[in-house]
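In structure tokens, one chain follows: the form predicted on its own.
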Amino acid sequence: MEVGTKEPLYETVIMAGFGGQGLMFIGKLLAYSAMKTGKHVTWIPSYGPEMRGGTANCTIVISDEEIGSPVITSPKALIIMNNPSLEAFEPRLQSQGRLFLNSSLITRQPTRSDIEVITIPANDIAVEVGEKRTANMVMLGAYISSVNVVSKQNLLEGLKEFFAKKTQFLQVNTTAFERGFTHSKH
């Protein structure tokens, strides 16, 4: 690579938790916001057999270049909302990867020492902002503040588009996102 040229973006993240925690929503929102900025994206949902309350995860790849395969075995980042997902996905995280943990629900510490762990009390913050179902947006805010993949402004513009017909949800989701964004900066 020539001096002064930056490495092309190739971000991989898996978001995992229980069905109903809004992980598919934030995965779509992240992919959509990146696509709107001209990035190549893939988003693959995976649901456990129980749907709501069962396991759910999605895989997102965001790149400056065409994506050869949307399947990733070892992501650069994990957004983990519960203990079963931590058990399932922690071993797959790349060395030096980032693990975003919902410390409101996760009761054990990660076992690896070769990764960066960012803990966010997402459910507690969501309750503070007035809507317990926005823990997903708190986690997305923390991720966006730590990973240079999409700007805060682009993500919030995508959120406005997603809630164009449900404006009553826009403000509380924006507030939850902002709280996660600033929490991660501490």
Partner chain sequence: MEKRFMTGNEAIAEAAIQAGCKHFFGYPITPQSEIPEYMSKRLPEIGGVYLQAESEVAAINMLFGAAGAGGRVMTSSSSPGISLMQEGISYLAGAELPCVIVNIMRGGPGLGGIQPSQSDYFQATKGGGHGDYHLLVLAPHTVQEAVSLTMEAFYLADKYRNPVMVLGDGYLGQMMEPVKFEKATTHGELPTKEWILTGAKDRPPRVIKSLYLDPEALEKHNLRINRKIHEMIKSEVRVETYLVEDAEIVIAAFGTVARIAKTAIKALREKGVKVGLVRPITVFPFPYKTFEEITERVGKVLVVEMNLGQMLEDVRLGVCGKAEIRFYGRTGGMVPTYDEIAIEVEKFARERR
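Bear in mind the structure is a predicted one, so any value in this text is a computation, not a measurement. Positions refer to the first chain, counted from 1.
Keep in mind that the form predicted together with the partner chain is missing from the display, and what follows is about it.
- Taking the partner from elsewhere, Q153 is found to have every heavy atom lying beyond 4.5 Å of the partner chain in the model of the complex.
- Though the partner is left out of this view, S69 does reach within 4.5 Å of the partner chain in the model of the complex, counting heavy atoms only.
- Among heavy atoms of K36, some come within 4.5 Å of the partner chain in the model of the complex.
- Within 4.5 Å of any heavy atom of the partner chain in the model of the complex lies no heavy atom of G130.
- Contact check for K28, A31 and V41: all three have a heavy atom within 4.5 Å of the partner chain in the model of the complex.
- Checked against the partner chain in the model of the complex, the residues T73, Q96, T107, S113 give one hit for a heavy atom within 4.5 Å, which is T73.
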